[in-house]
Ligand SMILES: Cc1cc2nc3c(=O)[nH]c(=O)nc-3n(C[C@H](O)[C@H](O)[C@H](O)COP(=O)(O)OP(=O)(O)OC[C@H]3O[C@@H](n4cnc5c(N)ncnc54)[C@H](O)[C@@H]3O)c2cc1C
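Form predicted on its own, single chain, as structure tokens, below.
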Amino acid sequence: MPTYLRSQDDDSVKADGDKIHDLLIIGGGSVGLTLGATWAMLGRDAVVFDRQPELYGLPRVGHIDHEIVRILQQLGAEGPTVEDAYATKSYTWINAEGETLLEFPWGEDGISGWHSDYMQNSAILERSLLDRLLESETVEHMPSWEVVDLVQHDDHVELTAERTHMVPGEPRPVLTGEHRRFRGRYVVACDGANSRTRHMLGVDRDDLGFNEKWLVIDARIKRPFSLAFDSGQVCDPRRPTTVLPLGKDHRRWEWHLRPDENPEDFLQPDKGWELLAPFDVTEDDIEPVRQLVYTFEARIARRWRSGRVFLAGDAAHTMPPFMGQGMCSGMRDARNLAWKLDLVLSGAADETLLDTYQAERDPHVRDWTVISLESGKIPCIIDPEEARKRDEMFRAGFRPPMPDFPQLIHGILHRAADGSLVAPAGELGLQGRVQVADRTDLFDRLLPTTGFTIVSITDDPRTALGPQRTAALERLGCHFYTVRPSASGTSSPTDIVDTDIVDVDGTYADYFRTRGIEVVINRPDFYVFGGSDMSGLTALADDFLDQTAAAQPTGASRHREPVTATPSRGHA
């Protein structure tokens, strides 16, 4: 076990009793809050540290997709975000002369039961997640505490946190010298692109070759106004620009800075209004609430795990914003890691299950990063001659191919004998509308889906599985569901009883038919482990059990309550 020595060993530092928490979460942004809220939903014990005294309170991240809304929905946190969010319709590229180069649809029904894409105000999203966390009796939120040191032991990690406070004239919290120590079975660091934890662990990052500075202005809308397009980019080689809504009440503009320009010159309000002038917006239309220069980069940590410490979100990976997948990827990290940690801590799976975290998430993140890099190349050309050639190509009918969106390709997924994935393994699972008794709503709102789900459209999966496999699957937290066709389908109204799950829109029938399957095993993070016809369910379930729980747990706590730490203070 690697050891990380504290810079000083002060026995006067106040300790958090003798507890060993299930989880210690470093960072209280969207990723840390997602993990904390998920942990609260699972009834597990955790502490969330945030060096800031309160939430940022301003829009930062704009885009979320249907998968992220489903995550929020399961946490009971989607309401305020979706209420304020702007469901996307189209995305437009115009050139320097205002000529439309490309307009493509950006919005359809997503497989997760929501619109495919939204532009939203991340301050509302983070507030909703924090509210869920604060309602929890098992997860403690600690604002104004920054983790400054960690030591790994055989069965836990010990963190030292230092209180922070705000000082006039200082843009960031300042350390006060007051320390506390905490112990946790595992640590997840969601402490951002400049992660102190990543530096303490000595983890290097791969640089994918994108490092550009952009000015970002977010503004509150004071009165309605119109723009040449709603969402998109001005492909002007003199100053590539992005224009986006941030929910219903805010707007964002982003401008590329040339290498020879001084970022400090772009922080003055007058410069902001100068750049906004071509859009015909004035102080009567908007109130800027944030004007910052960001460095957009594409970097991915080479190790996402070191012993009992994991990196997630920007601490593990950063990407350009052109596909809006940075925060989304971090929230996926949180959900992927949460269910695996839950199984290990409950004793249902071996600790080696946690090695699949990076194996699954790294390729997915790299694919999104490459797509983001490629999608930004065409509109962000800064050479005038190359831009002229690009415009001519579009006038001649050129259309860049739409990328295949990433899915999982490694990890806990069903494969053929040759090792290849068997569809729909690795895809996002379906959430459609169903009826149970007199209620009609999205599947997750009516039925438990916090664990694994085995869903069939023919027979009760437990009948095919038999009692022994069913019991083994139930120990992993599996739920078993059979979705029946609606009365407008093959069943008559008298065939349907109150306990049935009814496919009111035919969504499930279409999903299973197009994939040539009758039953599917979905993971807690909504990705598909695998699907088959009913005759193949036993083999599918055996593969699932082998991959998730074949090895006997070693050293994992089977208790959900914090337990007493071992007296030894020795370093592993």
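Note that the coordinates shown come from a computational prediction; the quantities given were computed from them, not determined experimentally. Throughout, we count residues from 1 along the sequence that is shown.
There is another form of the same protein, the form predicted in complex with the named molecule; it is not shown, and what comes next is about it.
With the partner left out of view, is D236 within 4.5 angstroms of the named molecule in the predicted complex by any non-hydrogen atom? Because no heavy atom of D236 falls inside 4.5 Å of the named molecule in the predicted complex, the answer is no.
Taking the named molecule as it sits in the predicted complex, is T538 near enough to touch it, meaning that at least one heavy atom pair lies within 4.5 angstroms? It does not: once the named molecule is placed as it appears in the predicted complex, T538 has no heavy atom within 4.5 Å of it.
Do F310 and the named molecule share at least one heavy atom pair within 4.5 Å in the predicted complex? Taking the distances in the predicted complex, the answer for F310 is no, it never comes within 4.5 Å of the named molecule.
Would W339 sit within 4.5 Å of the named molecule in the predicted complex, counting heavy atoms only? Outside the cut-off, so no.
Scan V520, V31, A37, V69 and let me know which has any heavy atom within 4.5 Å of the named molecule in the predicted complex. Of the candidates V520, V31, A37, V69, V31 is the one lying within 4.5 Å of the named molecule in the predicted complex.
Can you pick out, from F452, F443, F296, Y86, the residue that has a heavy atom within 4.5 Å of the named molecule in the predicted complex? The option sitting close enough to the partner is F296.
Exactly one stretch in 59-67, 39-47, 502-510, 529-537 has heavy atoms within 4.5 Å of the named molecule in the predicted complex; which is it? Stretch with heavy atoms near the partner: 59-67.
Of 365-381, which residues get within 4.5 Å of the named molecule in the predicted complex if you count heavy atoms? Nothing in this stretch is in contact.
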